[in-house]
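Encoded as structure tokens, the following chain is the form predicted alone, with no partner shown.
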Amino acid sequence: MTERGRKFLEIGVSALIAAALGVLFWHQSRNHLDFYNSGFREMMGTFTQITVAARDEQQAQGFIDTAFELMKQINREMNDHDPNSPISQLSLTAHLQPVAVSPELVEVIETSLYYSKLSDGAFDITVGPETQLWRRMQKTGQKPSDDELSEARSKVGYEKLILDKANRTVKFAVEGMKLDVGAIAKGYAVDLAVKILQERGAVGGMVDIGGNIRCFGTGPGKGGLWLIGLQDPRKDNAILLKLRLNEMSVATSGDYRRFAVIGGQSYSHIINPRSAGSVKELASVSVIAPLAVDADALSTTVSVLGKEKGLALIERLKDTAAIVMTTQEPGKMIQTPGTERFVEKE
């Protein structure tokens, strides 16, 4: 958890090799426990897997099924690709009057507003009108016009999002606003899944939604740790380095899984909310933090801020580290202080 004392989609393995090296153990015994892996399932527009330490397969399956059911609930609530989901329905009437939302969506919005203020708007879940243009561009191969970009920008801005936490309502100051929680919802769902696994009695586990990973308790690696492979953004199935994690999370944002090529130019799916433009400077951003929701939000935030401002932000945050690669220097990794304690030595 960060210092503030709060409570806390592309198919593919996304930024991390999610079959996290140490998790390839299926029934690897450790202190009378076995490790059971769910295998990959499609969830939240990507591949998801859970690994748990348990006494037997029946207990493990109970843990896994409970966690997946909870993540399905979050997906139903926050899937902006579904026009009937609660988050999509907000855009229909929230500009007219406050709309009641779930406690989970309140938490996601509250955390999002925190990062919006921390980053001066580099992170902003009201980016929905701009991401809608990107999705259309990806399908049609045509860039939006200047007028379309200007209109979308007029509907974006976290200061236009009014959250009443006490009454659990949301109101939009401008008609046509849309929320896109794709840069934070996966991490939030991972944290909830870990929480319920711990409550049910799992002594160790790893939850991975498309490369948003959190590990806890006993792991199958040396010293009970979890070994995670960090993918090279320019080479398929190539590992840059291995991370040794416990009670930590890691998430990666990058331009190499979801992008559109128009007129010979590549456009990342990561949008700068303030310009409605596609980010270009960083090819890959991996953030390590205690909570998955923080790692998820921060990986996008750094992608938008760029190397200098993004890494400066990470260095101000407690128990948080980042590894980035720029588009101009492929193969060169830049790490913030403290990252070395998580990197597996060759």
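Being a predicted model, the structure only gives us computed values, none of them experimental. We number the residues from 1 along the sequence you see.
The next section is about a form of this same protein that is not shown, the form predicted together with a small molecule.
- Among P86, P144, G229, G182, the residue placing a heavy atom within 4.5 Å of the small molecule in the predicted bound form is G182.
- Taking T320, T300, T48, S284 one by one, only a single residue has any non-hydrogen atom within 4.5 Å of the small molecule in the predicted bound form, and it is T300.
- Partner contacts here mean any heavy atom within 4.5 Å of the small molecule in the predicted bound form, and among 34 to 42, 58 to 66, 306 to 314, 292 to 300 they occur only in 292 to 300.
- Shown alone here, M137 lies farther than 4.5 Å from the small molecule in the predicted bound form, counting heavy atoms only.
- By the criterion of a heavy atom within 4.5 Å, I213 is excluded from the residues contacting the small molecule in the predicted bound form.
- Although the partner is absent here, P273 is a contact residue: one of its heavy atoms lies within 4.5 angstroms of the small molecule in the predicted bound form.
- The small molecule in the predicted bound form comes within 4.5 Å of no heavy atom belonging to D208.
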